[in-house]
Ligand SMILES: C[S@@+](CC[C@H](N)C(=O)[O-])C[C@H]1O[C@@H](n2cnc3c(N)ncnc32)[C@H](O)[C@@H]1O
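What follows is a single chain, given as structure tokens, in the form predicted alone.
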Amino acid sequence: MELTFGDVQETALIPLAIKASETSRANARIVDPMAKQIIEVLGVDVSKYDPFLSHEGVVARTIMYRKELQNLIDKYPDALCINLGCGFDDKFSQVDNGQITWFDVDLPDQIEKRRKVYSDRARCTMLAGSALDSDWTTQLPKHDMNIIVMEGVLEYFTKDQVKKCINMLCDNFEHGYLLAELHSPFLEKNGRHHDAVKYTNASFGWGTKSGREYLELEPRMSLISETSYNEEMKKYSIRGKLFAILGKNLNNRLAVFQW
């Protein structure tokens, strides 16, 4: 592994630091050996990226995404799955059933860095591409069902960029599901106070009160489900339960769309 600190974007350090930290715990709720190895190789103090609420949020979304993916893969065992804006995330190893075809897609510079950590595997291929154009989709095999995962991506997009992205997906994949992380208008306006993102140069994009707002931008889509991370976070601590009450409409959500 040849990574240096400059190889990892600041926003990518947040889930990496949290997954590594959780993996090291005695009763880890998620286990990600590669995240732990990456943080160890970087050799920097990432504790500021691992505050309590962000830690619980990343653990919750990791569990929720995995469950939702597993449910869809059980239903469509030979689906084409795409982790769009994958960063250093490795969902394939969490849900592989021995049949799915998987592509980890991100911008060329990120894929170059990802290749310092991962290698292509059977049915799991890295591919350079943008969530805002369709050029990369021509390199994919045709499948009856497509499952696109976007975790920690759309929350940094403007409304126009969200529209461009979801229009592109519907244009280029005849049938599919999109698993998307959504955030609130409150976070869009107050993101500079976010307990982990405030340590980066990133800013949040378009926030929504409901995933139904996406349907106004792409009427071919329907909203199947939308679940706040609070539903998972409140299972583990008093602070999680309190935040679920006091911050009922503030936490991020996992939305599942179909077309």
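In case it trips you up, residue 1 is the first one in the sequence shown, and so on. Just so you know, these numbers come straight off a predicted model, no measurement behind them.
What comes next is about the form predicted together with the named molecule, which does not appear here.
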item	value
Per-stretch contact check against the named molecule in the predicted bound form, the hit in 94-102, 74-82, 107-115, 170-178 (non-hydrogen atom, 4.5 angstroms)	107-115
Three-residue site A12, G129 and G152 fully in contact with the named molecule in the predicted bound form at 4.5 Å by heavy atom	yes
4.5 angstroms heavy atom contact with the named molecule in the predicted bound form for H55	no
Close approach of C86 to the named molecule in the predicted bound form, 4.5 Å, heavy atom	yes
In the predicted bound form, F186 touching the named molecule (heavy atom, 4.5 Å)	no
Residues within 4.5 Å of the named molecule in the predicted bound form, restricted to 155-170 and counted by heavy atom	Y156, F157
